[in-house]
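Next up: a single chain in structure tokens, the form predicted on its own.
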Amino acid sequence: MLRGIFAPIPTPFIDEEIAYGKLEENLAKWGATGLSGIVVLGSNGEQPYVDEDEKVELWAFARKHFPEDKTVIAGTGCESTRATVRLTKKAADAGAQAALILTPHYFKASMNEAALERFYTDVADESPIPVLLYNMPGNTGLNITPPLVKKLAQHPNIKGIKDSGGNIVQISEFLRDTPDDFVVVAGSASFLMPALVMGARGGILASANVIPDLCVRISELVSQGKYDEARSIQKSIIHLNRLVTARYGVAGLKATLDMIGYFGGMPRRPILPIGDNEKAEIRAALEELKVV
């Protein structure tokens, strides 16, 4: 259920209201690909800008309109343990099959390893669905270390980690120090193949929204030992991945979806849409991959 390639889908807005009709169309298209599932309200879903009642509606809508044999993971991390537990229970009630939980980080100086261990343990104790740790140092300024992951992996309801830091040595340490059934997934397509070669079970990738089957193909080729073919695809997607993640973020990802027949639309303020020059750069990268 937690293995394979997942798209952390954007939340579509029209006049800053959730565009459920457009979302349904997007879900049908992603559902027809080789994706194992989706993450609803991860970072690319603009999770901090979505109200709690909207989050619950989104999870329920996605579960209803996405193929039953594919997994829906909910991004439920909040700054307090109390709020995270409450939201995770609501996600489970809405049909989500697992929760992806970002580290609390507003009070960064207080979020030492003891605090993070207690946070994740408390949430996992009360969560009715499996918990995935979410390590994203670029946004949080915090890193979940291998010793902490080793401890947390012993909890029966903490089933894996999404690592977006891109440190392949650290990812390798996660894989070395955790049980075989603890799922480590790459958090970016930029290092998908290296992570898979080391033993990661898949990826939760912004680029999987745009080039899902290329990401799936890398995973398939690695599992078949066809490293030269996988390496060729991996190299080819690095530029596009950079544009829709580090360089232009959510606004860039949404503009990219508009170019390939999905609905991206506008981000919610205060994020601004990208300009024409940036769109031209993305379009050129898509043309290189023969996606548009």
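Please read these numbers as outputs of a predicted model, since none were measured by experiment. Start at 1 with the first residue shown and count on from there.
The discussion below concerns the form predicted together with another copy of the chain, not included here.
Item to complete: Kindly indicate whether 97, 212 and 275 are, all three, within 4.5 angstroms of another copy of the chain in the predicted bound form, using heavy atoms.
Response: No residue of the spot touches another copy of the chain in the predicted bound form.
Worksheet entry | Distance check, residue 21 to another copy of the chain in the predicted bound form, heavy atom within 4.5 Å | The answer is no: residue 21 has no heavy atom within 4.5 Å of another copy of the chain.
Discussion item. Against another copy of the chain in the predicted bound form, would residue 43 count as a contact residue? Criterion: heavy atoms within 4.5 Å.
Written reply: The answer is yes: residue 43 has a heavy atom within 4.5 Å of another copy of the chain.
Worksheet item: Quick one: is residue 80 in contact with another copy of the chain in the predicted bound form, heavy atoms, 4.5 Å cut-off?
Response: Close contact exists here: in the predicted bound form, residue 80 approaches another copy of the chain to within 4.5 Å, heavy atoms only.
Discussion item. Does any part of residue 48 reach within 4.5 Å of another copy of the chain in the predicted bound form? Heavy atoms only, please.
Written reply: Output for residue 48 is yes: heavy atoms within 4.5 Å of another copy of the chain.
Discussion item. If contact means a heavy atom within 4.5 Å, which one of 131-139, 149-157, 67-75, 88-96 is the stretch that engages another copy of the chain in the predicted bound form?
Written reply: Careful reading of the contacts points to 131-139.
Worksheet item: So which residues in 97-132, when you check another copy of the chain in the predicted bound form, have a heavy atom no farther than 4.5 Å from it?
Response: Going through 97-132 in order - heavy atoms within 4.5 Å of another copy of the chain in the predicted bound form - the hits are 102, 104, 105, 106, 107, 108, 109, 110, 111, 114, 115, 118, 119, 122.
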